[in-house]
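Shown next as structure tokens: one chain only, the form predicted on its own.
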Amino acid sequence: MSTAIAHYLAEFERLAPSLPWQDSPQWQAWRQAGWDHFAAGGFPTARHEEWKYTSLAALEKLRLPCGPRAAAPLEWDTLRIRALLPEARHRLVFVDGTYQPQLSRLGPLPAGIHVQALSTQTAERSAALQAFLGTVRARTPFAALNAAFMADGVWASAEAGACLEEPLLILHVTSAGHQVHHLANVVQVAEGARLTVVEQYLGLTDAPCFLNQVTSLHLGAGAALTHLKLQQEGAGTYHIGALQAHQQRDSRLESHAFALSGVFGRNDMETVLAEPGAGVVLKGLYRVAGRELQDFHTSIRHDSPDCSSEECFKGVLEGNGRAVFNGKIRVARDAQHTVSQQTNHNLLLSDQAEVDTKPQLEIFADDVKCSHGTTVGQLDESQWFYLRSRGIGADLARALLIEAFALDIVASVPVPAVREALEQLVRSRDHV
């Protein structure tokens, strides 16, 4: 047994379930199954194809305690200046892995909309939670590790036909380093319902820490879900996330991911178009500088006919930053009339920056319209010269060109308040 596995085993045996609804034989078995799955394989290495370009050596060396700790005292006025939606009527706030009801706010919710922290749910509902998280647990080794240690998160659901017009903000704040947090979010959108969910991960410290989270999305027939994830974490944060979505007939999912900081980020995203007429849009923007790394692995499974998918990820890399993009689209034998498009574009701003990109198509049907492609390049010198010749300073000209490249992804966010906040965030970084 490696020293890293031994460390997590000691933490697993040390920690008793911290929440009443987890103190049952069913959850004990759930935690044990998660641990067994993780321990059987351990940390992935470069010998694993899915981790060929991403080393976990630095993360393995960290010996950080798991489980939530007492949160630092924070006021909403301190957080609101950095919250993506500071005026959100519906927000759940977690600090250092612990739900903070005094920082959270849930305005009057429409009939059929239910939102709660996992730590406040009843034992009776916990069995349903296991069913929703069951598939994602086996998705990656770290999703299994999450199952072993999961302490808190959010469960949001919309009953058939229900609609929440305003976004729900889920804000996870790391205020202190030298700790590991395992969080889970479940979003269930029933037939014909509509929901918008924003996950923001905010770091207030540059000390080493590890955040391991999973998100499980379930869309019923004709349901519509807009989902956004924003990583604004400290210089010492390792962030590993798994997202899995399951879509039924004629449902529509739009998921937008923005990884803007942190020493290490890895996101495994999978959506299954399980019934005819389902559609998904996956878009993302990652930015790296210094010696940071961001890794996105996406998988779209067209398992039924007449489904559509659109995927576009962009990266901006500076310094010695590295990025990995691996996108796979699989069209099953019976998934006729599939329409799918996948692109990955990368802008390298230094000679030391590096990206490994691998778009993939696996097509087993014959009546489809599918395409994929990737580009890697630098700033267009002719465009830069054009701006300079109009009297625009060199730094501003460079910032404008980066914005034009990056804001294309931001402009696709369908929620105006979220889109405007992201535009300001991207612009502020470019004009530092």
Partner chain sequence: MLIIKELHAAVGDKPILKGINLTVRAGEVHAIMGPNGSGKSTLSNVLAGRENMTVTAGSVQYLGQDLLAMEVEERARAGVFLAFQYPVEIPGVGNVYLLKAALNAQRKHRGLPELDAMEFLALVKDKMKLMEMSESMLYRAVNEGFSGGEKKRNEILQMAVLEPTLSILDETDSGLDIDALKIVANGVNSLRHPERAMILVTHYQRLLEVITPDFVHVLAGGRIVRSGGPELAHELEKQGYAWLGSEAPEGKSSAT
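Keep in mind that this is a model prediction, so the values were computed, not measured. Residue numbers count along the first chain shown, from 1.
From this point on, the text means the form predicted together with the partner chain, which you will not see here.
K.L.:
Between the partner chain and Ile300, Glu310 and His337, in the predicted bound form, does every residue show a non-hydrogen atom at 4.5 Å or closer?
P.N.:
No: no residue has a heavy atom within 4.5 Å of the partner.
K.L.:
I need to confirm a contact call. Of Ala33, Ala39, Ile392, Leu59, which residue comes within 4.5 Å of the partner chain in the predicted bound form, counting heavy atoms only?
P.N.:
Going through each option in turn, the one that passes is Ile392.
K.L.:
Exactly one of Arg63, Arg388, Arg69, Lys52 has a non-hydrogen atom within 4.5 Å of the partner chain in the predicted bound form; which residue is it?
P.N.:
By the 4.5 Å criterion, the partner-contacting residue is Arg388.
K.L.:
Could you confirm whether Ala46 comes within 4.5 Å of the partner chain in the predicted bound form, counting heavy atoms only?
P.N.:
Answer no; every heavy atom of Ala46 is more than 4.5 Å from the partner chain in the predicted bound form.
K.L.:
Taking any heavy atom pair closer than or equal to 4.5 Å as contact, tell me whether Ala29 reaches the partner chain in the predicted bound form.
P.N.:
Output for Ala29 is no: heavy atoms all beyond 4.5 Å of the partner chain.
K.L.:
What residues of 402-427, in sequence order, lie within 4.5 Å of the partner chain in the predicted bound form by heavy atom?
P.N.:
Sequence-ordered list: Ala404, Leu407.
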